[in-house]
Every structure is written in C-alpha cells, then in structure tokens.
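First comes one chain, alone, set out as structure tokens in the form predicted alone.
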C-alpha cells in the first residue's frame, strides 16, 4: 500500500468541500460515527491534550519514523487554511514529536490542529494558544531529524485509514475520519440524527422511559426478565 512508501511529498491533493466540512463541524464525534454507520473511529487511546480541545478539518497526512519529527516540518509547507495534520508512525513511538513552536508554524499556515499517533509536549502552551492536539501520549522527550517519511500519502493512524483530504473530527469522545467523498452524505445523516435525538430528549424530559420509547418490554419479557415484589 502507498502508506508504506517513504520519501514522498504529494503537493496536490483533493480536499473535501469546505461547505461539507463546515456542516460536519456542527456535530460531535459520537454523532458523526453513528451517522456514518459506526465506522471511522480511531483507537480511544488518542486523547485531547487539554480539556475542551476540539477540531474539524481536512487531513494533511504524515508518515513519521519513530523518534523523528522531520516530516512534520516538511508537512507544514503543505498546510492550507482549514487543514488538520494527521500523523502516523511506522512503528509505535511516544516521543514528543510536536510542541509549541511547530504549533505556531502550523497555525500561521491555516492549520486547525493535529492528530498524532505519538507523543507531544508543551501542553500548557498548546492550551494557552488553544491549538487542539489529540495524541497518544504527552512526553517531554525530544526527537531527531534524520530519516525520511512521507507527506500526503494514505496512512493508518490509530487503526483508522486516512486519505489526504478526508475530514477529521475530534472532541472529548475521540477522533473520527469521514472519507471526503462521503462528507456531504454523512453531514446530512448527522443532521437527521440530531433532529431525532432532540425529539427523544424532549420525551425523556417529560418522564417517558426508554423501556417504552424503544419498545423494550416485549423482548425483555421474551428473554425471561421478571419483576418481583
């Protein structure tokens, strides 16, 4: 697969339509994941490095080598307004690939944040900047610049396939990837789901039970659930 190649920088990628990205930004990760058919989630060990971090944007992908952040500097040149850098690694590594200086560079290029299957540092500065980062670890250990990776090739980040230009949504519930060709469809499905949930929310506020709303009593009785005084 292309994500195994190193020494490649693709400078022309197809990004999801900005209008579809904006539509998806209105929804949380759980809603998007459900609306897409319960696919696209990254592994839950990727966590926001400060509370309330949230992002939504188009992916600029990076393939890193362990303990080497050279390709993040290469990737900075490829960032366009609204992009999120998604960085995978050729093998597990929790070194501090990214910090406040790179965040400053990414933001100047229009970057909306970073998702990285690796470590980051300068967390207090990232929070002060409100530059959202979702990472495998927080680790003060620095990195070198010695080995080539790639930029804007398909990568597998925390078990999720990410193509350049896909939409990445991240919040306190996790990180989900929406293929760029599905962005409009998923945004519409998410809106329908939100509308349906608002109706259920009103019924719950009125005291109705999920047992009745979802028709659970019959199936529970068939399985032998008994109520005893």
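Numbering follows the first chain given and starts at 1. Owing to the predicted nature of the structure, the values given are computational and were not obtained by experimental measurement.
Same protein, other form: the form predicted in complex with a further copy of the same chain, not shown, and the subject of what follows.
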Residue 92: heavy atom within 4.5 Å of a further copy of the same chain in the model of the complex?
yes
With the partner left out of view, is residue 219 within 4.5 angstroms of a further copy of the same chain in the model of the complex by any non-hydrogen atom?
yes
In the model of the complex, is there a heavy atom of a further copy of the same chain that lies within 4.5 Å of any heavy atom of residue 34, even though the partner is absent here?
yes
Does residue 18 reach a further copy of the same chain in the model of the complex, with heavy atoms at most 4.5 Å apart?
no
Residues from 205-229 in contact with a further copy of the same chain (non-hydrogen atom within 4.5 Å) in the model of the complex:
205, 207, 208, 209, 210, 211, 214, 216, 217, 219, 220, 223, 224, 225, 226, 227, 228, 229
